[in-house]
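What follows is one chain in structure tokens, specifically the form predicted on its own.
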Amino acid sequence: MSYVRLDILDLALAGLLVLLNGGLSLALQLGLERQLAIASLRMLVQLSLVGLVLATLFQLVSPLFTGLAALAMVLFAGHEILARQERRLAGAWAYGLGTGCMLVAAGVITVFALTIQLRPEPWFHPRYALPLLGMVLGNTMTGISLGMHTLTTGLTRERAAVEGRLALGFTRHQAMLPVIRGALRAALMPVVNSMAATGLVALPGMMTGQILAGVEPTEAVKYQVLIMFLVAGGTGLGAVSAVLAGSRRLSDHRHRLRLDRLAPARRRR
């Protein structure tokens, strides 16, 4: 397998495009030049560090260090879910619910793929486990964050309608079902759109990377199909578990809506 090697000059020339964007921001007074510079530097530092860490993990092939790296990825993703919530759950539930559902969903799907489809030797080899987990985790994180955001804001907005159905004798699940359905649709729509557009509108990153690395296009397609199915499964499992658990948390056994279990809305900057 052969691939085209890149040197520092190649990356520097590509970086000129970011400088061009910064110049356009200055010329049009968009105020984005500072954010562009910081984001570019963060990306460069983060990817460089990740590259060094992965190179070390690939040499060690240790289940302990691979597990610690995977756990760190999940914890950082949990923080991203929390940061995207306008109305978050109060207390430890704010971080624990989304992170726990994401850990279970992405973990189950990743182990399933490693032990059933890919079957590397050993099965926990970081060269396969961590990139696969990263792809599943990123999409699961997006689905859970969208689902939880839509659930909490929807219940706040539709409070009168939900409490009206509860007063008529509906169970808490029946009363919140329209909001739950809306939250799940919002959570799953990105992955549905992604699958629908893959191939005709866009060539996904994994498939493109494999082709550039010299893999036969037909083989790259097989891997991309596998990844899309895994992503859909992880997103669905994570979003459904998080939204249903969130709806249970925002009600009680007496079938009352408990919006007091939400933290105060954050002020937008």
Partner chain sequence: MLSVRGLRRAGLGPASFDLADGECVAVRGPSGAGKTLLLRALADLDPNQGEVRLDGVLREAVPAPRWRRLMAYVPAEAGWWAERVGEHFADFAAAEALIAALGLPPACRDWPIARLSTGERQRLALARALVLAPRVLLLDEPTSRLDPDAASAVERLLGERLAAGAGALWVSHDRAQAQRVSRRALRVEGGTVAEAEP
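Residue numbers count along the first chain shown, from 1. What you see is a predicted model, and the numbers here were worked out from it, not measured in a lab.
The next section is about a form of this same protein that is not shown, the form predicted together with its partner chain.
- For the residues 92, 196, 116, 167, the 4.5 Å heavy atom test against its partner chain in the predicted bound form is passed only by 167.
- For the options 161, 75, 192, 177, the residue carrying a heavy atom within 4.5 angstroms of its partner chain in the predicted bound form is 161.
- Exactly one of the stretches 169-177, 82-90, 102-110, 127-135 approaches its partner chain in the predicted bound form with heavy atoms within 4.5 Å, and it is 169-177.
- With a 4.5 Å cutoff on heavy atoms, residue 255 counts as touching its partner chain in the predicted bound form.
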